[in-house]
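There is one chain below, alone, in structure tokens, taken in the form predicted on its own.
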Amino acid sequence: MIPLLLILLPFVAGILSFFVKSDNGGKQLALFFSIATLAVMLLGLCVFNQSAYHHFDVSWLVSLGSRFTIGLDGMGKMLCLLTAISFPIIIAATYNNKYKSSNNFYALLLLTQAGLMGVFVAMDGLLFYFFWELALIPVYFLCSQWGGEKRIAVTFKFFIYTFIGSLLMLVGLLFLYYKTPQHSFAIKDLYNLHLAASEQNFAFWLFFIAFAIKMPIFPFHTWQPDAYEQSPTAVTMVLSGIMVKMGIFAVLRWLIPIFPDAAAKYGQLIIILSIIGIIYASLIAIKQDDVKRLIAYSSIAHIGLMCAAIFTMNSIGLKGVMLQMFSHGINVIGLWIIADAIEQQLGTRKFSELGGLAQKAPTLAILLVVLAFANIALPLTNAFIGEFLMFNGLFQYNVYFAAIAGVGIILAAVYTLNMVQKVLYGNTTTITENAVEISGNIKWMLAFVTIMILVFGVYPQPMIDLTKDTVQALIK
């Protein structure tokens, strides 16, 4: 019942929010139900941790060979935990932001959470596709209605990319459905398929392109910086902190187990594309004058490393990916909170207009420095262990690939520390002269993020233990 509650709580709350009339009612409902969803997730991990509580299976579309089968394995638990933690942080940190028709805004945000939870627990191909779309569709409306000045063009581009990816995935699912002897979408039946080499190669690319767009990796990334820049920051946090993990998760849950031979055949090509993305995105990040766009390109570089580590197909690299999915989600949400706090107070995100904030907001300065260290994977931060394991796995696969990807560490230090210097230090400008300390809710959320960075930086073992069975199953 735990996975069912993880879907139902935000879904029901999202539907109810549409009917809330007061400006604060939808916001309060969203915060309450997001905390309730987190409580259910923690109960599932700590109290009701028997397998019987983590699976749910009922008839759904029987005539189509699809059942409503959901369950939590180690990777699913980790990503549902990330989702459950992230939404209360996002809502609380942006609590003072004003949105027109705020009840609709929070309703769509909660429906997105329900879709994300469904993606991470689905054990049926058609059900997975249903939740994949449920997570994406509310984001179109969130971006197009509450985004920036260029939101319509950017949302249209986002829609085209994701629509093409979804269409390719649907074609691939139907192809697999007709290849199963009993015409089934069940994950066990799809895993047991014995496809010819040509069939694997064909279907592999249908799925991979859909997942690569969502991650995104080079050259399927061009929608991402614009979408991150133009979306409301709360939506950007969901996109970069959680939604990109849908693509990585899907590669690990569906792509590699169903098409192992094709994954081995094309793995090196995908690693090369991922490494190109790391260097390319990092170089562009260095040239940015906008906080949002810098974080967006930084995210592309981090996701590129995760994708490269996946296709090394060794256990140490996969352990690093599992850790980094969680760590990157927490860290990038923290960076977005700071970017939003600066923009809400000062009305700008441009480095050229900022400076000297450490004099006016010392708490913000301390928290930004911690997040910057986590972004460059400094030892004792949560990102260090994951990146170390991923580079170790890449080194075992190919020394030269690891060396080239390693340049991304240096470039990450350059653009991240450059951001810190331009935002926090130097003389104040006419814009930052009247800056004040960050408000209480933002301060508390950033403090919570900082605690997680340090705790999992010192002791990452619980997350390694949580996902070790998934890693072993993938290697087998």
Partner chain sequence: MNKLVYLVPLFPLIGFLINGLGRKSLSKSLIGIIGSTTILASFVVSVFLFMDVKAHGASVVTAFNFINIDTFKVAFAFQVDQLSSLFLLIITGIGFLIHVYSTAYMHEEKAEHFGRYFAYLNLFVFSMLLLVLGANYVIMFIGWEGVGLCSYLLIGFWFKNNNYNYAAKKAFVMNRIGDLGFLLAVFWLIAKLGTVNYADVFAAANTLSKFDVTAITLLLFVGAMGKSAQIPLYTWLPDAMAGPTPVSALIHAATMVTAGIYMIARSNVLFSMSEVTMNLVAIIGLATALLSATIAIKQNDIKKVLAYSTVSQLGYMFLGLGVGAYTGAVFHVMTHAFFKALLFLGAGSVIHAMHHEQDIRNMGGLKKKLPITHATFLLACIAIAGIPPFSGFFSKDEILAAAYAHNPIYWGLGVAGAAMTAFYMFRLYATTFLGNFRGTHDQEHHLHESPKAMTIPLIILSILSVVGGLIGIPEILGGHHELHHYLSPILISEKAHHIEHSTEYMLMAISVAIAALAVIFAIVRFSKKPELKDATGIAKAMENKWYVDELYDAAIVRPLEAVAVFFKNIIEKSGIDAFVNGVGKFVNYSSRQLRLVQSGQVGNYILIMVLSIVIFILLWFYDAGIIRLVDKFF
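Positions refer to the first chain, counted from 1. None of these values were measured; they are calculated from a predicted model.
FYI, the form predicted in complex with its partner chain isn't displayed, but the following is about it.
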{"item": "All of 61, 77 and 140 with a heavy atom within 4.5 Å of its partner chain in the model of the complex", "value": "no"}
{"item": "Partner-contacting position among 29, 411, 438, 38 - heavy atom within 4.5 Å of its partner chain in the model of the complex", "value": "411"}
{"item": "Among the candidates 42, 447, 420, 431, the residue which, in the model of the complex, approaches its partner chain to within 4.5 Å (heavy atoms)", "value": "420"}
{"item": "4.5 Å heavy atom contact, residue 457 and its partner chain in the model of the complex", "value": "yes"}
{"item": "Partner contact for residue 376 in the model of the complex: its partner chain, 4.5 angstroms, heavy atom", "value": "yes"}
{"item": "Residue 226 within 4.5 Å of its partner chain in the model of the complex, heavy atoms", "value": "yes"}
{"item": "Heavy atom of residue 353 within 4.5 Å of its partner chain in the model of the complex", "value": "no"}
{"item": "Segment assignment from 251-259, 85-93, 131-139, 315-323: heavy atom within 4.5 Å of its partner chain in the model of the complex", "value": "315-323"}
{"item": "Stretch 188-219: residues contacting its partner chain in the model of the complex, 4.5 Å heavy atom cut-off", "value": "198, 199, 201, 202, 205, 218, 219"}
